[in-house]
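Here we start with a single chain on its own, the form predicted on its own, put down as structure tokens.
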Amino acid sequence: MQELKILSPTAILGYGFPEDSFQKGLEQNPDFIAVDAGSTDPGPHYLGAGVSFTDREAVKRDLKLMIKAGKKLGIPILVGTAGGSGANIHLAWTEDIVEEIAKEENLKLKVALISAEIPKEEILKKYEEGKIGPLPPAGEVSREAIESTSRIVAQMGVEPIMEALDNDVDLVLAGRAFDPTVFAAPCIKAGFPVGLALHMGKILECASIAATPGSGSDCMLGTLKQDCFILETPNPDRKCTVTSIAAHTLYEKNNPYKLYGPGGIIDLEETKFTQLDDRRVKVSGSQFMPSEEYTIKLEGARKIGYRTISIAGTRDPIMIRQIDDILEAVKSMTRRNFSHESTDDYEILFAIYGRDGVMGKLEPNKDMKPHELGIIIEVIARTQELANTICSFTRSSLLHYGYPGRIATAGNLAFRYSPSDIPAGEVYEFSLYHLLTVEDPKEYFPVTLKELG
């Protein structure tokens, strides 16, 4: 085989894509259609709570177009990190959507489902065996962290997906997967270089985000050859440039020349980017360096409480000049008023937008003089009721706090919403973000075959 063509419809399943752009991509006769469906970018809540961060109807719309196209062309569809986080509950959620589509469209689908959730008991066993290590900047994992975790998934490499493709399936639904793998696995299975296949997958998983102008809701086409791959956008309003593709190669990496993944590293030191014409870029030279040990990344989330927030603003220059002292004083007032509650049972947080709400302590512009500030009061507590109570008292205390120099007494804050306090429900944090050493890359990723429709 001289080349393989891969169509990536969108950056995340459910983000959407223009149908005419998708159709132009199909006219190039791709060998398969692949899409990434998840990420840890939205935070730990979705893994811990077992819900998707993408809308069901939006996911169904994208999947329906992809599945119908795949059946028409006789090519497989591959979905990675199903349901957004890739645990069993997310995989089942996506399978239910596929079943619904198959029935509505009168289709028969042979589907391979690949689980990526690992039982807590197995992770505890591996912990005792010393098989779990830190993934910097995370520190060493503890038994308590594992035991308190709601769900644990592992990022699969290409091997389980290649096994699934051995079964001549219409659709592969994978649980948590290393982002490039659903794009790279069919290519590696067909005998193409691993480094080029994974690097191309690294670009395609974000689709036209790597184009200019960039978009997470449009298609990208990759053509893999034995010595290079070529990227282009089916949408004539976008184009790939050396700058846009090279810049995206640096995306989500702490080393510009190394991309770490299951089983090894993509080495980019010899990578070259060449502009073929005004819309296409050729990439060559990327190599794969196998690791001495095969490791997979573990992701786990645990519930730490419940959240309530209140969103307010101020443009009083007297208040703005002393905002840090005011917030600390209000926090102390709340603690004194609820001295019967353990401070271990709740936490009061403030985010100040217009000053350092994005960067926090890392904000480099320390001397800015804003004329207005947005203040988010956030309380995390052991129960929703306690979070509501502490947030309510903190909000009312800040609203009427008599700071030095204040002239008006009607209130210090402007509230955008009524009610001003918003219960936000359960709060999760990542409790596992570590590496597990395995003997078999497919050990924790069983493949199940189903006929749907």
Partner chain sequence: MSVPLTELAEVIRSKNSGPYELTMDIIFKDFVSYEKVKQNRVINKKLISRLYQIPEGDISSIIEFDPARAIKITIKRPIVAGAVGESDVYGAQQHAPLLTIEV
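Only the largest set of C-alpha atoms that superpose within 1.5 Å between the two forms is called the rigid core. Residue numbers count along the first chain shown, from 1. Since the model is a prediction, treat every value here as computed from it, not as a measurement.
Another form, the form predicted together with the partner chain, is not on view; read the next lines as being about it.
In summary, among the residues I380, A102, I265, I132, the only one with a non-hydrogen atom within 4.5 Å of the partner chain in the predicted complex is I380. Proximity to the partner chain in the predicted complex, defined as a heavy atom within 4.5 Å, singles out one entry of Y428, F32, F393, Y403, which is Y428. Of the stretches 74 to 82, 357 to 365, 308 to 316, 322 to 330, only 357 to 365 has residues with a heavy atom within 4.5 Å of the partner chain in the predicted complex.
Although the partner is absent here, T223 is not a contact residue: none of its heavy atoms lies within 4.5 angstroms of the partner chain in the predicted complex. Under a 4.5 angstroms non-hydrogen atom cutoff, the partner chain in the predicted complex lacks P370 among its neighbouring residues. Contact annotation: F22 falls outside 4.5 Å of the partner chain in the predicted complex, judged by heavy atom distances.
Although the partner is absent from this view, A145 stays clear of the partner chain in the predicted complex, with no non-hydrogen atom inside 4.5 angstroms. Across the proposed site, L171, C228 and G453 without exception lack any heavy atom within 4.5 Å of the partner chain in the predicted complex. Taking the partner chain as positioned in the predicted complex, none of the residues of 208 to 232 brings a heavy atom within 4.5 Å of it. Comparing the forms between this form and the one not shown, the C-alpha position of N365 differs by 2 angstroms or more, with the core used for superposition. In the core-superposed comparison between this form and the one not shown, the C-alpha atom of K303 has shifted by less than 2 angstroms.
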